[in-house]
Every structure is written in structure tokens, then in C-alpha cells.
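As C-alpha cells, one chain now follows by itself in the form predicted on its own.
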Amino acid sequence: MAVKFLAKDNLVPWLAELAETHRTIVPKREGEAVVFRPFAKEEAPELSARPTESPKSAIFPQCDTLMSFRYTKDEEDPGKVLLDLREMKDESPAVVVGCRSCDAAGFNTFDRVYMTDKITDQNYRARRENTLFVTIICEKPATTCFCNWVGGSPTDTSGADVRMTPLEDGWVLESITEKGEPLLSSTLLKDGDDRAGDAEKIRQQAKERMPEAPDLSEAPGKVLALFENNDFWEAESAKCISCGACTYLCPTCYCFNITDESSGMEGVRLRTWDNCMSHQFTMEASGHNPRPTKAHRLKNRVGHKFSYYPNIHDGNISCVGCGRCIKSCPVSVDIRSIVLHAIAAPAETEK
């Protein structure tokens, strides 16, 4: 494992070097929000504040062109129309610098769905295999953070290729994977072995600042047992306004919609993020909607993350505890409370 030190004055020059060979994505402040955008020399990245959004779009774009199509008439047989399809895959090398540990870990949830032995999403795989993550540890947890509830930590490396630990005068960078080691080959980075001890103290303090995590081992069974308990879900969803902010900001939500957009004889097939909290998400062509109320939709959202997904993916919860769904909810719906209420629900309400 390579250990390097990056001085604060060398951050932008180092990112500029990375941008010569990689599509480099960093967190930037836009108004009151911190969002992920392509690196630009004239704009320093925002590494001290938690990003408002996750870097999910780096691999799973909010609007992704899957293919283009074009209709042409056969010159030999004018009555015949030919269709030309062209697959669109982005295999360009990319690196995301400055995301949090929970953000990078979120793609592990995607991998179990989109990169299996039986089914592989080629567009997702192309970006996934060509994108590296340089994560920065969270020194102090926010009141909405709960990564340690779901098996993570402020210093987790499960989704990282390089880990950054902030010091007063710069960052200690450690390679986590073999793919991450070339990112630390710049002459702007100095040997960091003598700063490794300071970095370890920072990481240990970060772990100790996390509140004690409750035991969620019963959550999958308890949440599922409440499936038919409409009173429970009506109470939990009472203040929800179905705005969908929770799903759009979530690092592990992977639902999408497919549309064909055409003009004349040509067009594109687009994949766009979908929102399970929307009334139209499960609307059928017949007009029937199996999830007609926000209680039904919230039950599905919480149930999927804490019951259905872990039941088919070896107990892995489809949530990384980033807390964005709590922090950005306009009416303060707290998914932690819902899960704890489900675990604590008396047996008679589970029938």
C-alpha cells in the first residue's frame, strides 16, 4: 500500500494532472448546495463540507443515452425500411475525488444487481470498471449520519481505490486497490510514511465520534412482518409529501425508466432515474395502481432497503447510512425512526 502526503497548495495542480488522463469529478459549491461536477482549474473543490448529493451520476447518470437509432429507406426496395442501431457505451477513464466513504460503498449495492453472473448491464459495467474513487474520511459525523448502523464507518474503504485523511496542512493519501496506486505516482505527492501516525489518530477519533449503533439484525424480518399492517405505514408516512427528494439524493436507489426520444427518422433511447415515491411509479396502463397511497410507497421504499434487498443479497442492507434522505427531507421523515419503530412493533401488529 502506497502512502503519500498531498500539501494543500498542491491539491489543484494534482487534480489538473489527473484531469489530463481521466474524466475528473469533484465536489463543488453551487449556492447552498455541494454537488459533483467536472474539475476545472479555476474552481477549487469543496472537500470540507458533505456533498448535498452523492456521486451516483458518475457511473449511473441521471439521464443516460443507451443507444441511437436511425431509420432509412432501402435503395433497392423503397417499400422496406432499414433500422440502424448504435450502442452507446462510455468507457473513458474517470476518477471521483472527494466523495465520502458511504458514497463509494453505495455502488456495491448496484453491483449486486447490475453485474451478476446471469445479468450484466453493459452501460453500467463500462463506467464501473473504468471509474476510480478517492474517498475522504468524515472527521465529525452529522446528526443525520448512521453509516455504522449498516456496517460502514467514517473511514470505510469497501468502495475506495484511494483514501484521503485530512490533516491541518494537507492530506495523507493511501492506495487501497491496485487500480488506485497509479493515482499516487505524481511528483506533487511526497512520501507520507512519517504522517501515517497522525492520519491514523484522525481516523480513530472519527470512529469514536459515531454514536453507538443499534442492532438491526431483526429489521428484515420485522419490516416484512408489517407488510399488511396499513395502520403502521399510514402513521409513519403521515407527514410525507411524496416529493421524492429521498430517492433522487440516495446513493443506492437504482430504479430507472426507459424512453425513446425521436425527431424525424432518428432518435435515442434514454435511461433516466425513476422515483418510487411518485404516484406514477407503479401506475399501470389499465389505470390501476397497486401502490395508490404514500403509505404504500413508503412501505415499499423502506421495505426494499431493509428487508427485500437483504433477503436476496446475503443480508446486505440497501442503505449506506449517508443520511441525505433525512437531512434534505422538507418534512423531516427519518428512515432510522421508521426502522426502529418496526423492530419495536409488538407482535400483534405484525399479523
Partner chain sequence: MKIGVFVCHCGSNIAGTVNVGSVAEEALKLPSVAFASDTMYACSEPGQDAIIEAIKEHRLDGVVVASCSPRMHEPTFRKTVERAGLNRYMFEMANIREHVSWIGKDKDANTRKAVDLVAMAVAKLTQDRELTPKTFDINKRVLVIGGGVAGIQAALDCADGGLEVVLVEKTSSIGGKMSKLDKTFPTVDCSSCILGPKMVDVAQHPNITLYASSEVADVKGYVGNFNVSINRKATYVDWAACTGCGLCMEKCPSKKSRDVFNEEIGTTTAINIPFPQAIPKKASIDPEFCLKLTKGKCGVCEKVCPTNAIRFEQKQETAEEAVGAIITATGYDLFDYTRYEEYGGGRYADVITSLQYERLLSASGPTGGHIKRPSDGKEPKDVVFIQCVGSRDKSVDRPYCSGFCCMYTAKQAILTKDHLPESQSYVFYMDIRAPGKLYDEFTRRAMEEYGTKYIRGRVAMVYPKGDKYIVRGADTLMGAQVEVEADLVVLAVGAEAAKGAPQLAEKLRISYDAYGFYMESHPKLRPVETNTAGVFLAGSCQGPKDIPTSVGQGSAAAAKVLALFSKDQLESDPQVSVVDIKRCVGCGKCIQTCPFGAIEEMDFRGMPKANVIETICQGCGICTSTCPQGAIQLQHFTDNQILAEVNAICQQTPAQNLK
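Fair warning: this is a prediction, and the values are worked out from it, not measured in the lab. Numbering follows the first chain given and starts at 1.
Quick note: we don't show the form predicted together with its partner chain, though the next part is all about it.
Residue-level contacts in the model of the complex: of 268, 164, 167, 196, one residue has a heavy atom within 4.5 Å of its partner chain, and it is 268.
With a 4.5 Å cutoff on heavy atoms, residue 73 counts as touching its partner chain in the model of the complex.
Heavy atoms of residue 261 reach within 4.5 Å of its partner chain in the model of the complex, making it an interface residue. Using a 4.5 angstroms limit between non-hydrogen atoms, residue 88 touches its partner chain in the model of the complex. In the model of the complex, its partner chain lies within 4.5 Å of some heavy atom of residue 65. Partner contacts here mean any heavy atom within 4.5 Å of its partner chain in the model of the complex, and among 151-159, 76-84, 174-182, 188-196 they occur only in 76-84.
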